[in-house]
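Shown next as structure tokens: one chain only, the form predicted alone.
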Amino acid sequence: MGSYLVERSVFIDWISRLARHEKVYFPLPVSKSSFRFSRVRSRSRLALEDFDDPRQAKPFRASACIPPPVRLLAPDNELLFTFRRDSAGDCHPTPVLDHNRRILAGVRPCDLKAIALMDRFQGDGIADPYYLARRGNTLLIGHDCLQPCDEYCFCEAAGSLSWRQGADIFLTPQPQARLLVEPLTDQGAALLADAGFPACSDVQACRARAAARRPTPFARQFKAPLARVMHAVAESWQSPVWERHAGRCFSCGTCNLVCPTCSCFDVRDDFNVEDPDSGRRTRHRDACMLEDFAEVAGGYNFRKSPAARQRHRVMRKFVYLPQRFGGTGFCVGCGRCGRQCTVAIDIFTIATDLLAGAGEAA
């Protein structure tokens, strides 16, 4: 598959044209400093981050996309099926699966990794047909990072900075407002076939040029390899760190809602008021940091305290799911949880403190 070297403005124009006959989602501004992956319309303002001048106020900033793009594959208030009860009292469900094709453009490496992790999770065991139906009809256009989003991210430390898996097309910024455009799948190549972009004569040189522009180290770093961090978290069940960080927690669940690898949900059945023999089932996002998340019938709560819930959240990212899926960390280092937390509780700081405590204990 051939690659291309394209002016950034030309590529943005191509995205706009593509959106005339495809469902294209792109980070679009919702305020001066906040972006959301939204469907591109005729009047949408599109921009890709300009790395040529790091001092420039950027019209696009990856960290400002607070809801991660994976939310388009597992939306809130999702209709699962409608149902109707017959004269014998039996209910007959009609599943509602979304097979519409969509393109997510401008997905950063940390979010590419998050989607890849959710692909594994949602396809494991009893697979989730609703997520997989959307994912099977979704193309991803990834976009590389040459500078940290802000002071919260730690994508390199989490093993996400160089992630490409799952992208159909990958964009690598080049000097002079250009992009290296690489199709990574047959679907990506087919999408670019009629774009008319000029070919790139030396892909390796373009990749190397971009890598040389990244600062070293890139964003926040743990003081040990990720595997050692994960081991420290696993061995810290009784650590005082949990209480220290959770003492100021409001149990609002914001960290769960912005995390690209959180997937918990609750379901609700609603009968039609006008026709009580019919209704619908929907599912809604839930959060393990909410006080009643682990409460069962009879009122017993398996994780009553904020510290217990915080421990569960961090263990799930660094221990439980990695053990289940072959050692890959389920925290991608995007920094959203720390960035959005009202009281500045930061999973990076928690893991760092647990690592320090493990060193003292050793």
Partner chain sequence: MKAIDPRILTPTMVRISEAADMTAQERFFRLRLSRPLGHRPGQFVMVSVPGIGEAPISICCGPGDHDRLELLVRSAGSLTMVLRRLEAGDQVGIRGPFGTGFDLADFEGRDVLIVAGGLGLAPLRSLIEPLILDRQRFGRITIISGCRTPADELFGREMRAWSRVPGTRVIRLVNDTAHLPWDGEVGLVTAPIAGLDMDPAATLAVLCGPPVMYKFVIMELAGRGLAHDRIFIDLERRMRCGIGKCGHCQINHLTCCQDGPVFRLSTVQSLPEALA
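Numbering follows the first chain given and starts at 1. The term rigid core refers to the maximal set of C-alpha atoms that superpose within 1.5 Å between the two forms. Computed from a predicted structure; not experimentally measured.
As for the form predicted in complex with the partner chain, it is not shown, yet the points below apply to it.
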Quiz prompt | 4.5 Å heavy atom contact, Pro95 to the partner chain in the model of the complex | solution = yes
| query | Should Phe197 be counted as a contact of the partner chain in the model of the complex, where contact means heavy atoms within 4.5 Å? | reply | no
Are any of the heavy atoms in Arg209 no more than 4.5 Å from a heavy atom of the partner chain in the model of the complex?
no
* Flag Gly123 as yes or no: does it have a non-hydrogen atom within 4.5 angstroms of any non-hydrogen atom of the partner chain in the model of the complex? => yes
Answer key, the partner chain contact in the model of the complex at 4.5 Å (heavy atoms) among Leu146, Leu80, Ala74, Ala189: the residue is Leu80
Note: exactly one of Ala234, Ala224, Leu132, Ala177 sits with a heavy atom within 4.5 Å of the partner chain in the model of the complex, namely Leu132
In contact with the partner chain in the model of the complex (heavy atoms, 4.5 Å), from 150-158, 284-292, 108-116, 216-224, is stretch 284-292
Contact check, 259-281 vs the partner chain in the model of the complex, heavy atom within 4.5 Å, ordered by sequence, gives Ser263, Cys264, Phe265, Asp266, Val267, Asp269, Asp270, Phe271, Arg281
Asp150 C-alpha relocation of at least 2 Å between this form and the one not shown, rigid core basis: no
_When the rigid core is used for the superposition, does Ala208 move between this form and the one not shown (threshold: C-alpha shift of 2 Å or more)?_
no
(message) Once the core is superposed between this form and the one not shown, does Asp90 show a C-alpha displacement of at least 2 Å?
(response) yes
